[in-house]
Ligand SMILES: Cc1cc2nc3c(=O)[nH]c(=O)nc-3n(C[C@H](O)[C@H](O)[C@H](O)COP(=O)(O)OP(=O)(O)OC[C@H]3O[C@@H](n4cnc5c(N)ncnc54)[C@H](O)[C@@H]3O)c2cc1C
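Quick heads-up: it's one chain on its own, the form predicted on its own, in structure tokens.
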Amino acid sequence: MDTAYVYSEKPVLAAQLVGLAKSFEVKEVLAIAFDDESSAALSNCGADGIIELSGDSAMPENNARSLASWLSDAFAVDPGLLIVGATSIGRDLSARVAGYLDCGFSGDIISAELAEDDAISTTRSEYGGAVVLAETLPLPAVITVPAGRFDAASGAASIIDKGTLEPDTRIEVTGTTPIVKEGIDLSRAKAIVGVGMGFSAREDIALAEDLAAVIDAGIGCTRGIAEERHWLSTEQYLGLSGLTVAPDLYVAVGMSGQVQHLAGVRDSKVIVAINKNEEAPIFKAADYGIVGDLYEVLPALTAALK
């Protein structure tokens, strides 16, 4: 494999994909963009070049068939690899492209390395993080990578080629509502305070926010907090089907520690758990644990840190 291709609609994640691709020591890593604005956003992603493939659709997923056709021509000369960021858009796009290419696919990988005989070896979690599955895919292949898994590359990147895609327009965007994000970007946070179902009321999350303010941390949560109680945004949900993070410090407050959640935070360098149930599974994953009522522990910990 001489060339690896990367795509993500999120520039920060695209730089991380470039970082992974460069670890394979291929001759070139090329970033794919679907419009001028996206190309500009990738100007410091560290790729050896940007391929701008423009189309008329506002939905990147609609470019899957045409992108697969373009890659098929490239892969006919050099069987390569497409690395896609594991976002909602990226997961949709990548699966479609792999289907149209009729090639191997591995989603939400933990690790990847080139294998012998033009193949890529990957590992990924299965069954809620209970096991790790190792796979070897012949090239060409498509893989997806969650945010925060690999170090980002950096360096100037410019457009080296342009092309036109014929998007599938059977689905169209009729309107958009921007997601307003507040606070620290969890995918880049050095510290995160995680909120679990042990909190009795929405306003009590202020206790975790006070601690987060002292240690300059972002606020994450379990799926139940985001999707059942709707106390925090789904953008803050950490877990198997949510965001994967790898901060220096993760403080898990009032959560049992189910494998689905731990799959999203297991790469944290240090995990601190606060739970009144000393039998909670979270303590098995934690480096440090405090057995106690969060309503007593959090104010005392925050005061001490201040």
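Quick note: we count residues from 1 along the sequence shown, nothing fancier. Rigid core: the largest C-alpha set superposing within 1.5 Å between the two forms. Given the structure is predicted, the values throughout are model-derived calculations rather than measurements.
The same protein also has a form predicted in complex with this ligand, omitted here; what follows describes it.
- With the partner omitted from this view, the residue of S43, S57, S38, Q258 that lies near this ligand in the predicted complex is Q258 [heavy atom within 4.5 Å].
- Proximity to this ligand in the predicted complex, defined as a heavy atom within 4.5 Å, singles out one entry of P11, G292, G19, G289, which is G292.
- Although this ligand is omitted here, in the predicted complex all of L240, G254 and A280 have a heavy atom within 4.5 Å of it.
- The stretch from 66 to 74, 22 to 30, 260 to 268, 49 to 57 that comes within 4.5 Å of this ligand in the predicted complex, counting heavy atoms only, is 260 to 268.
- This ligand in the predicted complex is approached by T222, whose closest heavy atom lies within 4.5 angstroms of it.
- In the predicted complex, this ligand lies farther than 4.5 Å from every heavy atom of G80.
- This ligand in the predicted complex comes within 4.5 Å of no heavy atom belonging to G107.
- This ligand is not drawn, but in the predicted complex it has a heavy atom within 4.5 Å of N275.
- For the partner-free chain shown, G196, M197, G198 of 188 to 202 come within 4.5 angstroms of this ligand in the predicted complex, judged by any non-hydrogen atom.
- K276 is among the residues whose C-alpha shifts by 2 Å or more between the shown form and the other one once the rigid core is aligned.
- With the core held fixed between the shown form and the other one, S88 has its Cα displaced by under 2 Å.
- Positional change of S241 between the shown form and the other one reaches 2 Å or more at the C-alpha, relative to the superposed core.
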